[in-house]
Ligand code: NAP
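Take a look at this single chain in structure tokens; it is the form predicted on its own.
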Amino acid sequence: MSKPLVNRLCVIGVGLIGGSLARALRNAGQVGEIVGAGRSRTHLETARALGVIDRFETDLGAAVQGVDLVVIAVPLGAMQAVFETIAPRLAPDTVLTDVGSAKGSVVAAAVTAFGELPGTLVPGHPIAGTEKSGEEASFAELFQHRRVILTPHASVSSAALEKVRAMWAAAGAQVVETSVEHHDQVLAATSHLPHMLAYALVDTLARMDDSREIFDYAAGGFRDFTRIASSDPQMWHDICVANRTALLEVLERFTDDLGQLTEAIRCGDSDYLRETFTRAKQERDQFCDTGDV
């Protein structure tokens, strides 16, 4: 039997993403022991009972000792505290990566905690997920044929980068690389903005006087569009704050376009409406044809 890619893996934050990665690597036979770590003993006990992890620690420093790869899957607002806690206990050759949706804040947190960017740190972000959260929502197939974006820095170790790349490939993902800045700009438009719109729409309708009747009559389109408003509020609060510069740029552009749409409806500008809807349909259909939905 061949040696697994990761002899001992530590997952800090055994939720949907961290738990699914652990399951995927186990199914692929590419991990030996999986150590779960976090603040909630109850959640960790559930994860162990489900077979997501082999053992757990609530002491993060103890959890990372003797492991060869650490995956941090906590909300962005908790990232710096995790880095600071584990920094003194990490072995020099322990590879470190994360799954955060805003890479600029992860890099800044690492510099604050370590004093510099460790050569063993490979920031990453899987473009996968559901509106559900927690270890019970995790499943091994989550990353199949999904992209994982790595944002390696100039001083990253080639061995660390290759290990993280191989880990995600073993989980079934398609791995690509880009810069921190480009990642945050693209994700602000394609992921963060849609979540802001879904949250805002549901909140607006919920505060209307006849909100119950509105939701009673909501059809499939409403459910499809607003599904992501059921995502973890704390996680998306942290993403919104962490990537606010890029998010504000795309929000302001969308607000301008929405203003033009509003004016076209007010004035009965049929040409503008038809052109906008036709252009959007063509782009959406082309996107669907790529299989990326």
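Residue numbers run from 1 along the displayed sequence. All of these numbers come straight from a predicted model, not from anything done at the bench.
The protein also exists as the form predicted together with the ligand; that form is not presented, and the subsequent description refers to it.
Exercise for review: Go through 264-272, 247-255, 61-69, 37-45 and give me the stretch that gets within 4.5 Å of the ligand in the model of the complex, heavy atoms only.
Suggested key: Looking at the other structure, the answer is 37-45.
**Study point:** Joint contact, 95, 115 and 156 to the ligand in the model of the complex, by non-hydrogen atom at 4.5 Å
**Key:** Negative, none of the three is within 4.5 Å.
Point to revise | Contact residue in the model of the complex, from 149, 78, 107, 193 (heavy atom within 4.5 Å of the ligand) | key: Residue within 4.5 Å of the partner: 78.
Practice item. Note which of 173, 167, 73, 86 lies within 4.5 Å of the ligand in the model of the complex, where distance is taken over heavy atoms; exactly one does. Key: Spelling it out, the residue with a heavy atom inside the cut-off is 73.
Review point. Is residue 25 close enough to touch the ligand in the model of the complex, meaning at least one heavy atom pair within 4.5 Å?
Key: The answer is no: residue 25 has no heavy atom within 4.5 Å of the ligand.
Review point. Quick one: is residue 9 in contact with the ligand in the model of the complex, heavy atoms, 4.5 Å cut-off?
Key: No, residue 9 stays farther than 4.5 Å from the ligand in the model of the complex.
Review point. For residue 14, is any heavy atom within 4.5 Å of the ligand in the model of the complex, or not?
Key: Residue-level check for residue 14: yes, a contact with the ligand.
Review point. If you check in the model of the complex, is residue 160 within 4.5 Å of the ligand, heavy atoms only?
Key: No - in the model of the complex, heavy atoms of residue 160 and the ligand never come within 4.5 Å of each other.
Review point. Which residues, if any, of 216-253 lie within 4.5 Å of the ligand in the model of the complex when only heavy atoms count?
Key: Those in contact are 235, 239.
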